[in-house]
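Listed next as structure tokens is one chain, alone, in the form predicted on its own.
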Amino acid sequence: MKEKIIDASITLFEQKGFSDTSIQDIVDALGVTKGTFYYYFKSKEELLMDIHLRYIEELLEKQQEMMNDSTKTTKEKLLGIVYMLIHNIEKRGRQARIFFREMRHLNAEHLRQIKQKRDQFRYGVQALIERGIENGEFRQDLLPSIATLTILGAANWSYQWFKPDGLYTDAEVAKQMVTIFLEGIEK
């Protein structure tokens, strides 16, 4: 039932926004009582935090797997991370939109936790870029923090415009993005 509540909430938050979705809307969509909701979540904000945690923790786990893959070059790992972010929109687009759009509704402590995890992801990408600079795959004159924010800004914003059933696949979009990035940072 917890998963059903989360799924129904994601649909409603995407359609109506967090603020305009009530707990009553959520339970009505499922045909259950508010008691069922409160059995799993103390509040609608706690539910939103659960959605955020699931989204960012899955990304962090996948990022770590890619970073630990010793068979790939730095460039290949960068492509893998960008592909993961684009592909995640195809796979979990509704959660991505909620993650970026509704974060402002988290309380201060929850927002701090999410920002800490988001920063962890960013610093992982930055470490990858620093490694690419050190091993000669990327230009020496780059500011790793700016390169990181540029790449993540472009990839993360794609939830606004990327259509999984559109003209290009997630793999084609990711490859094109990385090609654009690398043409600017490759030796």
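Since the model is a prediction, treat every value here as computed from it, not as a measurement. So that there is no doubt, residue numbering starts at 1 and follows the sequence shown.
There is another form of the same protein, the form predicted in complex with another copy of the chain; it is not shown, and what comes next is about it.
Within 4.5 Å of another copy of the chain in the model of the complex, a heavy atom is found for every one of 102, 146 and 177.
Residue contact check for residue 20: one or more of its heavy atoms lie within 4.5 Å of another copy of the chain in the model of the complex. Although the partner is absent here, residue 75 is a contact residue: one of its heavy atoms lies within 4.5 angstroms of another copy of the chain in the model of the complex. Using a 4.5 Å cutoff between non-hydrogen atoms, residue 33 does not count as a contact of another copy of the chain in the model of the complex.
A residue is said to contact a partner when one of its heavy atoms sits within 4.5 Å of a partner heavy atom; residue 118 meets this definition for another copy of the chain in the model of the complex. Annotated contact segment (heavy atom within 4.5 Å of another copy of the chain in the model of the complex): 150-158, selected among 51-59, 64-72, 150-158, 23-31. Contact annotation for 122-137: residues with any non-hydrogen atom within 4.5 angstroms of another copy of the chain in the model of the complex are 136, 137, listed in sequence order.
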